[in-house]
Structures are given as structure tokens and as C-alpha cells.
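Take a look at this single chain, the form predicted on its own, given in C-alpha cells.
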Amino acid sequence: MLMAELYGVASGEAKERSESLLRALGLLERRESPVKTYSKGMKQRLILGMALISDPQILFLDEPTSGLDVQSARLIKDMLRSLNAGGKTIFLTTHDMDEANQLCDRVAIINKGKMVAIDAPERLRMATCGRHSVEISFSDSVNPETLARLPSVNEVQKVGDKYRLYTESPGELVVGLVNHTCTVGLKIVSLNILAPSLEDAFVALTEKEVKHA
């Protein structure tokens, strides 16, 4: 209600909007509780409600889901999708590349204060040459150096219980991996060919800028 007053929203309309927003954000039952008793996720949802009380057509948000539990983050992302579908323009800053890929129609990549690229997430991803990868997991432990020596492997990363092998020839690498596992008696648990991620695009574009600097 304070934010509504600062924005010049009439009191009757402000009360109606406040109740609607608190309900949508899952906070209506806690509307009489001091904010200091809220969890971080609840506080972040309240901040979003304060930003929306004036019904803006353009909304600027700075890492709205940072550090939140899964339920709160999902609620906020679902609400942002709904707002965008309803015609609102949203500028979102985030370090979470997966979140940017999920929510944004266009992504601007900024490095040291300079915009180095702006495009649709899919076009940014597919413009990243040489960052296709094959993700594989085995039934037994494997030496990453052995995988790195396979033909057409550019780089090997361990991701949880899986290995991600970057390559320019994913089909050739899959054949090589199958042949290797048959030779050494390993069992493949899972194997997936992955296109470049938005994170890969970010790394490639920012590294390119560093080399040119």
C-alpha cells in the first residue's frame, strides 16, 4: 500500500491490486506478519509484488530468483512468463544462463560493461562453433585423461557422475566412445549428444573479447 501511494495509485484500486498480487504470490495468508519473519523467498516475492503494484508496462528485475528455493523460483518464473504473455516488457539481469534461456526472447551478453552480443538464445547457442559435446556416464570409474586422448575430443569436463566431451564431430566421437568401451570392457549407463548451451555461448563470446583486448 505504501508503494501504491508513492506511485499515485488510488487507495481503492491499490487495495484491490494488493490483495490480488499477494494471493498470486502466495503471501495473502501472511499479509499481517512482519516482513522480518519472512523467508528469503517470501521477501523476494513481496519485492516483485511491490514492483507490480503500479501495473507497469516495462519491468526491470535484477536477479529475481537468486538464492531462492525451487518452489519460490518456479513461482516467480511462472509469473514472469504470464506477465510477458500479457504484454509486459521485462528486462531481466541474471548470471543464470539456464534461466535466461528459459525466460528470454532476446539475450544480451555483457562483458566488462560492454555488450558483446545480442540475439535470440537459440541463435546465440548455434553460432558457437566447436562447442557441441557428448555427455556420457559409465558403470565404473574412468580416467578422464584416457577420454581426452580419443579422436576428435577437444576438451573433457566432469559433470557430477558424467563426463562431457567437447568436439566438432559428435557423431564420430560417439562411434569412438562405443568402440573404446567395448575394447576395455566398460558399460555405458547413459550417452547424449548436446548442442552448445547458452553458457557455452557466453564463455566463447567473452573469451573472444578477452583475446581481442
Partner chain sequence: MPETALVWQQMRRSVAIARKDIRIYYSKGPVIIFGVLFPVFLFLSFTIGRHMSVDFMIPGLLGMILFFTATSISPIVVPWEAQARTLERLMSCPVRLETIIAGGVLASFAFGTAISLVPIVIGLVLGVSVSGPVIFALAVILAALCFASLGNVFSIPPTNLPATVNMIASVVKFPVVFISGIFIPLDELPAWGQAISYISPLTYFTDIARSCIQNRGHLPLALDFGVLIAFTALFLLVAMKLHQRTMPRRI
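Bear in mind that the values here come from a model prediction, so they are computed numbers and not experimental data. Residue numbers count along the first chain shown, from 1.
Quick note: we don't show the form predicted in complex with its partner chain, though the next part is all about it.
Determine whether any heavy atom of L150 comes within 4.5 Å of a heavy atom of its partner chain in the predicted bound form, and answer yes or no. L150: no contact with its partner chain in the predicted bound form.
So, E5 and its partner chain: in the predicted bound form, are they within 4.5 Å at any heavy atom pair? The answer is yes: E5 has a heavy atom within 4.5 Å of its partner chain.
I47 versus its partner chain, in the predicted bound form: is there a non-hydrogen atom within 4.5 Å? Yes, contact at 4.5 Å.
Where, among 176-184, 47-55, 66-74, 158-166, do residues come within 4.5 Å of its partner chain in the predicted bound form by heavy atom distance? This holds for exactly one stretch, 47-55.
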